[in-house]
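A single chain comes next, written as structure tokens; it is the form predicted on its own.
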Amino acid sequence: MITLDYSNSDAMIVGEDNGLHLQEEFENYKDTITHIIADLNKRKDKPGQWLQWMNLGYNEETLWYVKEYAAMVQGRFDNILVLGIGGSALGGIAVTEALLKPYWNLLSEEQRNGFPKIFFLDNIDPDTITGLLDILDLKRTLVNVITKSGSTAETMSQFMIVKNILEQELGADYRYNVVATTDKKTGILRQIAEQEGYKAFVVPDDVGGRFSVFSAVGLLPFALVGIDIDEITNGIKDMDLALKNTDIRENIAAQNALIHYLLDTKKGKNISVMMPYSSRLKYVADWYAQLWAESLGKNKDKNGNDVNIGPTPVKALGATDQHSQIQLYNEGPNNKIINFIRVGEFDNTLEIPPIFEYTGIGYLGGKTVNQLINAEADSTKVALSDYNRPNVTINMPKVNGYYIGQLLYMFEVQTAIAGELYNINTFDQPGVEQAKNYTYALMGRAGYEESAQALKEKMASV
């Protein structure tokens, strides 16, 4: 199992001003944590609680339908193009980057075992969209459009462009190149899918986008490129079992949630840095940033009080960002907690040849890059501790589907527990909706005329 080393956030290591007396705090909060974990598991099956993501690892029906469809289309397409933004894309990017061979899209079909290349369009930059569409043969591309509401302006504008090209090139048969992932019954994309005859998968009710990676939102793209989704769900289920333990001394999600909460509220550490020491996990930090920011950044608590709280997530990559960010972390404002992810076993062992023995780099010869990257991880966390900077290390035995399932699910539960500690609604996002509504108004969506006029007046006065 994945483990958590929290010793470098203890006052014994980083000092009274910057660390916690962890064993005392675990004792102080044991009843609170017990109640939070029990309550989350009690509420997860109730409609309207937005906790259905806790059940996704057990959804055998979705697994079966996804695997059936992936088998049916295997060999028909050279490319998978995923259209989505935020939670509709970040989880997919994180997992495919972690589990596919590096530089997947540059490999030959034989090296990819006959599976297609995969591309994610998660922004609406016109140059990026044009550039990708210029190199893709859309006739040999399966387009997976993902939006629960079907009204997400970014995703649907992309889809309108792609659909238009597909229809011009394939006629009515273009629909076989489209698969939608959207609401089960309602929404614009569901309506279009039924009218046009697309194959469609479901974004479950009571699952927010940032918690949707283990629904068809993520599982379908994974299966289409040959990732073992059973291995992922096995990891989720084993981690879920471990995290049902209400004893904080045995629950790593509860431990890290409490550490982050207390370092923020007691010690002023309101920035959470996610720094994996593996390039394959680089985009896990991007996914974590949305999960943490959108879930915990709130202006009101559950009692309606103005609080304006939430730790700010920052993404980093070891060892790359030792050369760009660690100077700030060590000697800048002491307002951060750094989360390291350390990989025990890499897929490859890369030896450094014993050359240049007569120079100052001769000591590297005969060692491995594997040893070097983990030496960098270990030395960086000790150096941070020397500067009294709290940090924790998540130890991941290796990067595979089983442990990726564990890792991401652990972060989801950690986020839910942290939200309860902050006494906020972890699952809404009113600050995002306001900007969406303004966008609808500026783009002329029906029903937003008054908002458009008010917005134009505000913009003119700036």
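In this text, residue numbers run from 1 along the sequence as written. These numbers were taken from a predicted model, which means no experiment stands behind them.
The form predicted in complex with 5-phosphoarabinonic acid (PA5) is left out here; the points below concern that form.
For the residues 88, 339, 251, 215, the 4.5 Å heavy atom test against 5-phosphoarabinonic acid (PA5) in the predicted complex is passed only by 88. Proximity to 5-phosphoarabinonic acid (PA5) in the predicted complex, taken as a non-hydrogen atom within 4.5 angstroms, holds for one residue of 370, 245, 290, 312, which is 290.
The closest non-hydrogen atom of residue 59 lies beyond 4.5 Å of 5-phosphoarabinonic acid (PA5) in the predicted complex.
Contact check for residue 209: a non-hydrogen atom falls within 4.5 Å of 5-phosphoarabinonic acid (PA5) in the predicted complex. Residue 294 belongs to the set of residues with a heavy atom inside 4.5 Å of 5-phosphoarabinonic acid (PA5) in the predicted complex. Residue contact check for residue 234: none of its heavy atoms lie within 4.5 Å of 5-phosphoarabinonic acid (PA5) in the predicted complex. Partner contact region in the predicted complex: 78 to 86, out of 218 to 226, 388 to 396, 193 to 201, 78 to 86, criterion any non-hydrogen atom within 4.5 Å of 5-phosphoarabinonic acid (PA5). Looking at 434 to 453, the one residue that comes within 4.5 Å of 5-phosphoarabinonic acid (PA5) in the predicted complex, counting any heavy atom, is 436.
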